[in-house]
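One chain follows as structure tokens, the form predicted alone.
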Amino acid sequence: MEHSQPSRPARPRRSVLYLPAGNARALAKLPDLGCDGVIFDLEDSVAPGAKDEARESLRLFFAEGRAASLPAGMEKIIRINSLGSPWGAEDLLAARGCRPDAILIPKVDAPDDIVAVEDALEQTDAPASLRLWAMIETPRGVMNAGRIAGQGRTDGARLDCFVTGANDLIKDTGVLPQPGRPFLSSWLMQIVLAARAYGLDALDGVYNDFKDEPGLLAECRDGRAMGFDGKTLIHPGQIAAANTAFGIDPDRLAEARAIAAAFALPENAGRGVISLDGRMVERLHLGMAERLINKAARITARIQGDQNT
């Protein structure tokens, strides 16, 4: 049954970096990075024979307070293996014990994949603040994106964000990877549309060639134009490009503030449409302006948090 959207953390998610959970050197560098979030990965980047060691390394990272010492506002997410795998159940228990901001579920094909994790978390009395992110990276996942997102509107739902897995989509469909992603774009837009329909964030997939800065910049701009909130990354060198592309354009922010100020005037109270600088502006534009202003404030707070750390 659908209900009003559960409260969600209002955080910038311009740049979210994948880090193998067992990579001690990478974990040690985290405090100096400017990404908005980090995904501690127990899945694809960890070999089957190293799963237990990576899980224990992650437990220690959180238990020893190193995760808590990361820059203020840096979101912490743990990607587990699927519950149907040999490692999923133990991953979920470990992730719940670490108390990150969110747990990322891989290869979500249908709403039941979300429900199974939510049920397991409820059985362990996980705090309501622990959110779920969903990897949309299979043909079934894309086709069911709307139904999966709808799970985020039900009572007790934890679903907060979609993460695109373009590499797996390419592998499963046989689509050729090309600049501009011409044959992927319709599926990516489907993910964004489903997320927006139910008030979720959506992150674009990784750009594999971390040495190709022009290609990364182009794909970041492409993802921003599609409506993604940010991009997942595989290398710290990609953070600056993502933060810039998914940041706030100063001209758009100035326009948003002008719209908000105009509607705040006493003479415009209750009006649905006003004239501003020679054009008609509706209240729907006010809503868009307020969201942009709020996002800018969150990004500013995130940056100031880094500077004060």
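One rule holds for the numbers: they count along the sequence shown, beginning at 1. Being a predicted model, the structure only gives us computed values, none of them experimental.
One more form of this protein exists, namely the form predicted together with a small molecule; it is left out here, but the text below deals with it.
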The small molecule in the predicted bound form has a heavy atom of only one listed residue within 4.5 Å, and of 240, 70, 276, 26 that residue is 26
Does any heavy atom of residue 210 come within 4.5 Å of a heavy atom of the small molecule in the predicted bound form?
yes
*Answer for residue 110 alone: is it within 4.5 Å of the small molecule in the predicted bound form, judged on heavy atom distances?*
no
Legend entry - Contact test in the predicted bound form: residue 206 vs the small molecule, heavy atoms, 4.5 Å: yes
Note to self: If we define contact as a non-hydrogen atom of the residue within 4.5 angstroms of the partner, is residue 45 a contact of the small molecule in the predicted bound form?
What the structure shows: yes
Testing 153 to 161, 230 to 238, 214 to 222, 185 to 193 against the small molecule in the predicted bound form with a 4.5 Å heavy atom criterion leaves exactly one stretch, namely 230 to 238
